[in-house]
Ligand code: CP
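Here you get one chain, nothing else, as structure tokens; it is the form predicted alone.
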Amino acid sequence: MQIDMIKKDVLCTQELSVDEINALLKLAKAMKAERYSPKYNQLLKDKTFLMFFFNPSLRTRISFEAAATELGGHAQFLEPKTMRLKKTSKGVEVQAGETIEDAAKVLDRYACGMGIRILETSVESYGDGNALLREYAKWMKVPIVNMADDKYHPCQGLSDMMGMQEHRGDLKGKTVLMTWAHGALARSYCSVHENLLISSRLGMNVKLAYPKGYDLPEEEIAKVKANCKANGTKFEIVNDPESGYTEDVEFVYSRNWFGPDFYEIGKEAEIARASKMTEWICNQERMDRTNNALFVHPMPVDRGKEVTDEVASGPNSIITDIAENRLHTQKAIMAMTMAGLKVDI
């Protein structure tokens, strides 16, 4: 079967078919194996990819710029605060008082695609960032890539799966433990949502552990449950820091995320509350109770809070492999959606 994703937006992996996910992962692995191959290095020759950053970044900006360069094109960095933006009543930024429709139609004429990064600290309420991406996608013909918003992070989800497959092969029937951890960063849901969604789409069992009061949005949990049901796999939730670490677990993802009332109480109050729950940490003693589990994290890692140094820097940590894979999965996305490369699966 040949998979064609030309001009397709990539806003959330849940909105891609499993065949499209598998095609992207297959191409990303091929691009990693032949990183500078002439098969790929002219796919975006003389073309520009726009990057719209409402929030700062290390891995996202560098990996997308490198991806565009390695495909023969150019990535142009755009920062809203340098562009005389105006905030609407819905917390959505538009350029110089323009509607998003007008701005999007102009940008559409300049580039082969556009990525947008807009996290929780740049919006007034949950979902506003994702709504902005969808508004741009409505008016632009070139593909929009979600570089992390307040709900989803598809590039990270794909990179997680690529790293997990590289180390453990077919993921069907394997179990991932997604566990909350204390921390001083008040992290958003986006990477957590994506890992839960894509792992359950690819046939994994999912364990979710968090303290009471840190429930994830019901609509996303409903999707994960439905994915597991469709695949005949298990989904369970526990509310203590110990019981999720069991002998069937092959991957542990320990990550802080803020509570559902974050937008009401604010960042400082969330950090003060979360930092007290020090028992919620991934350590070697807990990892030793698993099936030689690999440690997964999107980075940056809040060491000493989300996870101990012993685990994060240990032989079972694959966090750097996953970070590298951001480059390769993003090249695959750009090649398929912007250059029209088709993949046989």
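No experiment lies behind these values; they were computed from the predicted model shown. We number the residues from 1 along the sequence you see.
There is another form of this protein, the form predicted together with this ligand, and it is not shown here; the text below is about that form.
- The partner is absent here, but in the model of the complex a heavy atom of Q156, alone among S254, S199, Q156, N146, sits within 4.5 Å of this ligand.
- Of the residues M299, A66, A312, A30, just one reaches this ligand in the model of the complex with a heavy atom at 4.5 Å or closer; this is M299.
- A residue is said to contact a partner when one of its heavy atoms sits within 4.5 Å of a partner heavy atom; R59 meets this definition for this ligand in the model of the complex.
- In the model of the complex, this ligand sits within 4.5 Å of a heavy atom of R326.
- Contact check for H182: every heavy atom lies farther than 4.5 Å from this ligand in the model of the complex.
- Although the partner is absent from this view, R117 contacts this ligand in the model of the complex, with a non-hydrogen atom inside 4.5 angstroms.
- The chain is drawn here without this ligand; in the model of the complex, the stretch among 299 to 307, 31 to 39, 44 to 52, 284 to 292 whose residues come within 4.5 Å of it by any heavy atom is 299 to 307.
- In the model of the complex, no residue of 17 to 36 lies within 4.5 Å of this ligand by any heavy atom.
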